[in-house]
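Encoded as structure tokens, the following chain is the form predicted on its own, with no partner shown.
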């Protein structure tokens, strides 16, 4: 298990926990689906809506919304280790993935290589490429990806952190950046573990705003390298994608990743996301990451001690473990105030452990499991 954070960080994280109202009654371990909303985020969204109701929505409103978007773009870029010019604002991880897969315009004779642990948000885009464009999709074990790239492989698309096991994408993928385009699904990565897109060697990284960043539903991010930005087509175009929309049919796309932006996100949602990020920044991302991974490691130890099998995982925040009846057990735990999820068509429950959790939350989960045996 990782060393505990220093006393100053620990005290900061104790205060951090107080920002999440749901923790007043629940042991919340469901951030892999949706993170717990901080009170500050809810208040920021409410202030935005109140202001819109009182002042109306005129030119000043849209200028303000643009300023908020720029602030969120910068914050998301900082979390991924890229520049704001390399980041598009999306509505979710799946949208970013679809933009990259569709934008590559692959066809018959081209291959996409993926793993056997992928989420429907990635698989949907691969299915579309196969069914609509004749692309071959080949699936191998996550750990085997680096050694499975073939002469027809044009895109390697996989999770940064597996939503099933919590395993990390093989580090050797970074060595393939010159051979094949690499797209990472970062839904379980950004906010949960440190991310550096340059170190990962990926050309594109799609992430979520509502999971480990504890923002509202309907926000995400997409990093696109400058080299890939030049290669991707932009079949979906609207006001936000142009340098100036006043050019009509001759309007020019943004030269950077803004050409991939979603068409529009409400100011209240962006304010909500920024409010949540402020809570994390106050606690310190290094302390947040260290605390979450250490707690996840401790949960693995406790689950093993009480006879549950834990799926092999990486140094991440997801812990998937055996259950004879996952759906029923998840519902029973929810009734006792322990919130996690069952994984469809698998005999597994998944706990998403965040820095907002504490040892009492872990004990509450273990006690709930033992009471049901």
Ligand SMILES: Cc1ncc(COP(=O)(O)O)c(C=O)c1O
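Since we're looking at a predicted model, the values are computed, not measured. Residue numbers count along the first chain shown, from 1.
Just so it is clear, the following notes concern the form predicted together with the ligand, a form of the same protein that is not shown.
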| query | finding |
| --- | --- |
| Non-hydrogen atom contact residue 92 with the ligand in the predicted bound form at 4.5 angstroms | yes |
| Residue 121, heavy atom within 4.5 angstroms of the ligand in the predicted bound form | yes |
| 4.5 angstroms heavy atom contact with the ligand in the predicted bound form for residue 163 | yes |
| Residue 291: touches the ligand in the predicted bound form, heavy atom cutoff 4.5 angstroms | no |
| Region of this chain that lies against the ligand in the predicted bound form, out of 71-79, 144-152, 179-187, 259-267 [heavy atom, 4.5 Å] | 179-187 |
| Among the candidates 276, 204, 157, 208, the residue which, in the predicted bound form, approaches the ligand to within 4.5 Å (heavy atoms) | 208 |
